[in-house]
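As a starting point, one isolated chain is supplied in structure tokens, in the form predicted on its own.
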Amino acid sequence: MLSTLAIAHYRSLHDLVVPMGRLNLVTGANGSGKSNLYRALRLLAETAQGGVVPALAREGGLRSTLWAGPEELSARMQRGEVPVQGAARQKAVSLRLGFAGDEFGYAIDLGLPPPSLSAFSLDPEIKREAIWSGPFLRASNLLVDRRGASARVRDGRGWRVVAEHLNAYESLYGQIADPVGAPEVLSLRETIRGWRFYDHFRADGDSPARLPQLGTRTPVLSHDGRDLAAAWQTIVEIGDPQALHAAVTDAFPGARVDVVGADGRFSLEFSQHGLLRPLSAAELSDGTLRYLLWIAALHTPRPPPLMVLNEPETSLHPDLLPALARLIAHAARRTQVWVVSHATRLIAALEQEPGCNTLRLEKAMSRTTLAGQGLLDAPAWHWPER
């Protein structure tokens, strides 16, 4: 389980270190930085997929995603006594992402490449990566250390160089993950690859979740929900069918969901009191279909290390939000959950759950901050130096 998330110089996240629990609720006013925090977490996940540089390119490149304010905001600027203005840069351009968990911590530092004639001269470079044990980085618990093209791993009381010609645009996860030579890299890579992100399931008329699909065992619902019926049947056979049925009746009293198949194609049927026949997925309202997608995602027989839900309240009737909160809380007993929401009713219901870690974001001087977090309240965190 992650205990700390740290972001520096990414959009409005100038320097943010937040604590994490098993159930995390990220909320705040529009423009406070919720989406930026969500995107930063996705960027961290891309390091294990080999796509952190392409992901930054899709956002407009490193220059577009960097903090756009001055390198330092003086106290007089913050009090409004003098205008906000920049000065000669004293530090290297740097975008930093990191986290710490029960076993390992990780940080990556991306910067601008040196001048060159390459057509890819705008691609950022990975300047530094570090993996350590424990809640925060210290010299004594550093396990894997990458500086530019060179990487070394701890070997007893000393160090062993494992690479000297790493690609500057690819994380060490894709270059030195070795069960013998660098087991910490391999272990952490597989953990990050297990993170799941669900962001706005499609429920429109052309949604693949509405159509019969070829069915195969599906312990993990796809990001767009196209394999909903197969995922539902998988939960019935190898998951927790009682909890699945309870989640349906909690939201839709007296309702039942069945999976039907023909020629290997699976589809859902929704039965409810007062109907003479079950409804197919194509006939369901957007909100009902989307809620069934959340039920399938959150009852997965293969819980991930981290599940991230971005605005799960979208298209749902407000009366469904307390049931959704109970659904999310049930999932948090088996996996760490991160919820981004601005739905007042969902927020109120989740905050009633024991152990809910509310991260209420605010923005001051264009910087995202955590409400109520003073200088001494943030978790201990140290970035690896270049």
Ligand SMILES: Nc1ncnc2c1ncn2[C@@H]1O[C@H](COP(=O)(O)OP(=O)(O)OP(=O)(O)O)[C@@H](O)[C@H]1O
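Everything numeric in this text was worked out from a predicted model, so none of it was measured. When you see a residue number, it is the position in the sequence shown, counting from 1.
Just so it is clear, the following notes concern the form predicted together with the named molecule, a form of the same protein that is not shown.
Asks: Given a 4.5 Å cut-off on heavy atoms, tell me which of 315 to 323, 23 to 31, 40 to 48, 350 to 358 is the interface stretch with the named molecule in the model of the complex.
Replies: This holds for exactly one stretch, 23 to 31.
Asks: Applying a 4.5 Å heavy atom distance criterion, does Gln336 contact the named molecule in the model of the complex?
Replies: Flag for Gln336 set to no.
Asks: Answer for Arg345 alone: is it within 4.5 Å of the named molecule in the model of the complex, judged on heavy atom distances?
Replies: Answer no; every heavy atom of Arg345 is more than 4.5 Å from the named molecule in the model of the complex.
Asks: According to a 4.5 angstroms non-hydrogen atom cut-off, is Ser12 in contact with the named molecule in the model of the complex?
Replies: Residue-level check for Ser12: yes, a contact with the named molecule.
Asks: Any of the heavy atoms of Leu66 lying within 4.5 Å of the named molecule in the model of the complex?
Replies: Yes - in the model of the complex, heavy atoms of Leu66 and the named molecule come within 4.5 Å of each other.
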